[in-house]
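Single chain ahead, written as structure tokens, the form predicted alone.
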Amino acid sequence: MLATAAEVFAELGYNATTVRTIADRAGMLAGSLYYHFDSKESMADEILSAFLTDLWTGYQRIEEAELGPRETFEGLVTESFRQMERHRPAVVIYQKEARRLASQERFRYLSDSQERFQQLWTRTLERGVADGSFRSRLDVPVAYRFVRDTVWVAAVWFRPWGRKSAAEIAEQYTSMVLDGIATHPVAR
């Protein structure tokens, strides 16, 4: 039932989704959903909190491994795609709705997670600049936004059953970001 709700929220958007639409897609009466959830807010909360719990559990494993900045970066990208593979509709909901939902007390954790996310990725990039893994002139705030946006917007087109697995796409992303796409990079 939550999987159906997640797909509907991702497809139609949070505001346009009604409990009746979710029930229709799940093949049940709208009133039957209220036996399990008191509102569509409860469903969205469950979907988003499950995704973020899994994401942060994976990120914590990477942090605790105390890897170098490049390996940490690769691990974070890979974990992001792994969670996208498991929670694609939740990622789409998060991308489309987090800012608006976070204005509600119930969803305050979305803002907290965004701040935590920025701190983790920024810290990783700064460590890489400091130890020489990344360019000394790297504009960390711009690099953070670029990586965040290029990784997470993939939820719009990524399909777990597609021709490439999440791990293969993560490998391509990290290679492009860390090594570039040119065969012989020009010195700058």
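None of these values were measured; they are calculated from a predicted model. The first residue of the sequence shown is number 1, and the count goes up from there.
Beyond what is shown, the protein has a form predicted together with a further copy of the same chain; the following relates to that form.
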Answer yes if any heavy atom of residue 25 is within 4.5 Å of a heavy atom of a further copy of the same chain in the predicted bound form; otherwise answer no. no
Though only this chain appears here, would residue 21 touch a further copy of the same chain in the predicted bound form if you measure heavy atom gaps against 4.5 Å? no
I'd like to check something about residue 182: if you look in the predicted bound form, is any of its heavy atoms closer than or equal to 4.5 Å to a heavy atom of a further copy of the same chain? yes
With a cut-off of 4.5 Å between heavy atoms, is residue 120 one of the residues that contacts a further copy of the same chain in the predicted bound form? no
What is the one choice in 116, 86, 106, 100 with a heavy atom within 4.5 Å of a further copy of the same chain in the predicted bound form? 100
Since exactly one of 67, 30, 153, 50 fits, which has a heavy atom within 4.5 Å of a further copy of the same chain in the predicted bound form? 153
With the partner left out here, which residues of 116-142 have a non-hydrogen atom within 4.5 Å of a further copy of the same chain in the predicted bound form? 125, 132, 133, 134, 135, 138, 139, 142
